[in-house]
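Given as structure tokens, the chain that follows is alone and in the form predicted alone.
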């Protein structure tokens, strides 16, 4: 299986690396792709990942995965990327996103009238694309799957492995990466978090 993970300036690292570590363990050929080949810097600016292929070189992957990050907002109006997503979607078996990567699926017209998820701080922006925001870890509509913020990409990737390679493989990968979340606080979703914490964090998450 050929999997293309889109990189762009100011992507969020875990959005792509979490699913990458799950999907590569399935035996898939995972390629990082960007508008041009070369290093792409994450939103922290402290980390870069090399895109080995350009979007012109990748036209029909079996799976497309779009991570989130502050860079998605500017790309919503960047036609070369939006048109590439739309064209690639015609050939994929799976078209997926993590966090605000769903904004790009929406900008490409792929989420119109569909339930979808994203980072909670971008729920209203997602709905401007025609999607209906829902607070779930991941949402599937046929071959389109959107995951919520950052860490939810790992959950989505395990679901995809289950669909593609079976439950035993998915469980083996989960055990292999020892994915057994036990966070110290139960505030990992906006519906669970104190209002003052949500109010403090929301403008920071919408800063760019």
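Positions refer to the first chain, counted from 1. Given the structure is predicted, the values throughout are model-derived calculations rather than measurements.
This next part talks about the form predicted together with a further copy of the same chain, which is not shown.
- Query: Looking at 144, 49, 55, 164, which is the one with a non-hydrogen atom within 4.5 Å of a further copy of the same chain in the model of the complex?
  - Reply: Going through each option in turn, the one that passes is 49.
- Message: Taking a further copy of the same chain as it sits in the model of the complex, is residue 148 near enough to touch it, meaning that at least one heavy atom pair lies within 4.5 angstroms?
- Response: Although a further copy of the same chain is absent here, residue 148 would touch it in the model of the complex, with heavy atoms inside 4.5 Å.
- Looking at the partner-bound form in the model of the complex, is residue 42 within 4.5 Å of a further copy of the same chain by any heavy atom? Contact with a further copy of the same chain, yes.
- Query: Should residue 139 be classed as touching a further copy of the same chain in the model of the complex when contacts are defined as heavy atoms within 4.5 Å?
  - Reply: No, residue 139 stays farther than 4.5 Å from a further copy of the same chain in the model of the complex.
- Message: Given that a further copy of the same chain is not shown alongside this chain, does residue 21 nevertheless sit within 4.5 Å of it in the model of the complex, heavy atom to heavy atom?
- Response: So residue 21 counts as contacting a further copy of the same chain.
- Message: Among the candidate stretches 71-79, 111-119, 84-92, 124-132, which one is within 4.5 Å of a further copy of the same chain in the model of the complex when only heavy atoms are counted?
- Response: Stretch with heavy atoms near the partner: 111-119.
- Task: Could you run down 154-173 and flag each residue that has a heavy atom within 4.5 Å of a further copy of the same chain in the model of the complex?
- Result: Contacting residues: 154, 155, 158, 162, 167, 168, 170, 171, 172.
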